[in-house]
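This document starts with one chain, in the form predicted alone, laid out as structure tokens.
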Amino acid sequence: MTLADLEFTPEDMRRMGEAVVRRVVDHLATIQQQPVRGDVDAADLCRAMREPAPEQGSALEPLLDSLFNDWIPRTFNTASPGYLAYIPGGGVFPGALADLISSGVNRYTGVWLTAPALVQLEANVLDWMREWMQFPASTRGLFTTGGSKANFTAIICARERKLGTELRRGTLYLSTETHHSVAKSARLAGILPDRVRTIPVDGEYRMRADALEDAIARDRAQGLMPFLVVSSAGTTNTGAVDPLREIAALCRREGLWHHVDGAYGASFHLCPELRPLLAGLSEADSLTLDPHKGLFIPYGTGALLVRDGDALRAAHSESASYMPENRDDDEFYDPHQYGPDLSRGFPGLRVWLSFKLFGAARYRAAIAEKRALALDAAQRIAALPHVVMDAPPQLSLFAFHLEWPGASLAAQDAATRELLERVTRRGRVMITGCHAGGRFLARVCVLSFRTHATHMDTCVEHIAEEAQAIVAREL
């Protein structure tokens, strides 16, 4: 039998590790000078990249050359301080170090027994989140790949607790501004589209509690079983925060599960002075929050908290003859009993290491800074000629459009789209848009830890200059 050796010598591993770290650090050291959006018109490039699996190995350096010189630059530069598109995060460096450690030692953290101390680190972080969100001690949670999977897991939990076998009669409620992952997750959880109710929003793009109450009453009158309301703590389109406290009270009266999608906005709850913006969040039955957004952790780090930890465990706990026996007590957190995954990575290490190195106080200051930057930029942009601020920042996201006398809605939409492209093409700032309120809006989301006042000055300057040029051409 031929010996198949897949080991490297310690010297080779050090050399390879140093080469990778050097490339990453050099990349980050120049992040502010790099274009905020690379050339992503890359269909020909991707066709040329197709290749069969290599029969023989190759050296590391040429592979790193291709990655860092040819492929990474042809992306949205989501780590840039000028990336104000979608929902930024940035990716703090300790998160990258945590992934190197996690993948390097390759320990299994799906079951407490296999890595008790490592699982405890993750349990600690979930407890920190519980405290920051002011959830009770009965809360349990899990790390996920992102908000979509957290929302899906919450729907499963609510379905099991509120519907049991009456799946077809169950009705779920969301707003016209709710993230699309909720409707998708509902379908995957067996709640078909004809049992999902879309509730209208008010002038600030928040779910209307009166319309929600009416919809619940109509479904009950028809013999259906309303079981779940999904509200938003910061929508993707306009950053709107639904009336969480009012919805929570309604859900308690009606016996419905209240899930809050706080993938974007829940992180602001870390700052005591900002908690009034999210009043009622801590009353939810479950909460999605994405550390890879407001906690600046690298992508692939979502989380879910469930007030009734027993409900989360009941929905997922299972055993088999080849598995260690489930613990009868609840003293130690066992990840596989609280979520769908048995095989999993070690995402909690990213958050643990980042907070241990920075400290929570430094994090709170960074989060509060994003809110202040958004308020200031929105005020200055709203004062520009021909700009209408449709959605002032409730947290750190705001949306606006261009208009001028005599312009049709179609012309305003086209001009606003053009504004996005012209600003982004200048290379320092990237912003994106959305459809809301019957028109196309430009939107700015301030959430990267690298974004500071100088970057927002550039954002305002470029929007002002390009808006003036567009409107001057039309008048």
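None of the values given here were measured: they were computed from a predicted structure. Counting begins at 1, following the sequence as shown.
Absent from the display: the form predicted in complex with a small molecule. The rest refers to it.
Contact annotation for the candidate site: R380, H462 and E466 all lie away from the small molecule in the predicted complex (no heavy atom within 4.5 Å). Heavy atoms of G234 reach within 4.5 Å of the small molecule in the predicted complex, making it an interface residue.
Within this chain, D285 is remote from the site of the small molecule in the predicted complex, having no heavy atom within 4.5 Å. Looking at S148, you'd find a heavy atom of it within 4.5 angstroms of the small molecule in the predicted complex. In the predicted complex, at least one heavy atom of K293 sits within 4.5 Å of a heavy atom of the small molecule.
The partner is not drawn, yet in the predicted complex one stretch among 174-182, 153-161, 215-223, 366-374 has residues with heavy atoms inside 4.5 Å of the small molecule: 174-182. In terms of contact with the small molecule in the predicted complex, the residue from A263, M207, L228, L84 that brings a heavy atom within 4.5 Å is A263.
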